[in-house]
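Single chain ahead, written as structure tokens, the form predicted on its own.
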Amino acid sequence: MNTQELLLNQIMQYDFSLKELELYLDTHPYCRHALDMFDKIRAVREKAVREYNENYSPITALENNSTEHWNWIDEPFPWEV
């Protein structure tokens, strides 16, 4: 795997963990440990997404990072990597 693939794989792992924590917190909304984990993983995911967007391309169209043109379509889409 190259660096781009590794970073995208990490982001997908963070997304999976956040979804699992979201489901858990739906039934355990006051679990301090789960809330702390959710915040921690969300922060590292945001950092990884920012890094991916800066070095490769937006992961979603919402992260278009150019004011000059619609750069969402410039590179292969993340699922094509």
Partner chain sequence: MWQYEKKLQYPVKIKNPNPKLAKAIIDQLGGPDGELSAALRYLNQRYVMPYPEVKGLLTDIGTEELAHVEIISAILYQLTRCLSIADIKESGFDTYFVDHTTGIYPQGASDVPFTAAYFQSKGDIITDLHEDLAAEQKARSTYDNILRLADDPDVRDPIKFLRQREIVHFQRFGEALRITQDRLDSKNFYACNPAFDKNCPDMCCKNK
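Think of the rigid core as the biggest set of C-alphas that the two forms share within 1.5 Å after superposition. Everything quoted here is computed from the prediction, not taken from an experiment. Residue numbers count along the first chain shown, from 1.
One more form of this protein should be noted, the form predicted in complex with the partner chain, which is absent from this view; the next part is about it.
**Q** Contact with the partner chain in the predicted complex for residue 60, defined as at least one heavy atom pair within 4.5 Å: yes or no?
**A** Yes, residue 60 is a contact residue.
**Q** Considering non-hydrogen atoms and a 4.5 Å limit, does the partner chain approach residue 27 in the predicted complex?
**A** Although the partner chain is absent here, residue 27 would touch it in the predicted complex, with heavy atoms inside 4.5 Å.
**Q** Can you tell me whether residue 69 touches the partner chain? I mean in the predicted complex, with a 4.5 angstroms heavy atom cut-off.
**A** No - in the predicted complex, heavy atoms of residue 69 and the partner chain never come within 4.5 Å of each other.
**Q** Superposing on the rigid core, does the Cα of residue 9 end up 2 Å or more away between the shown form and the other one?
**A** Residue 9: C-alpha displaced by less than 2 Å between the shown form and the other one.
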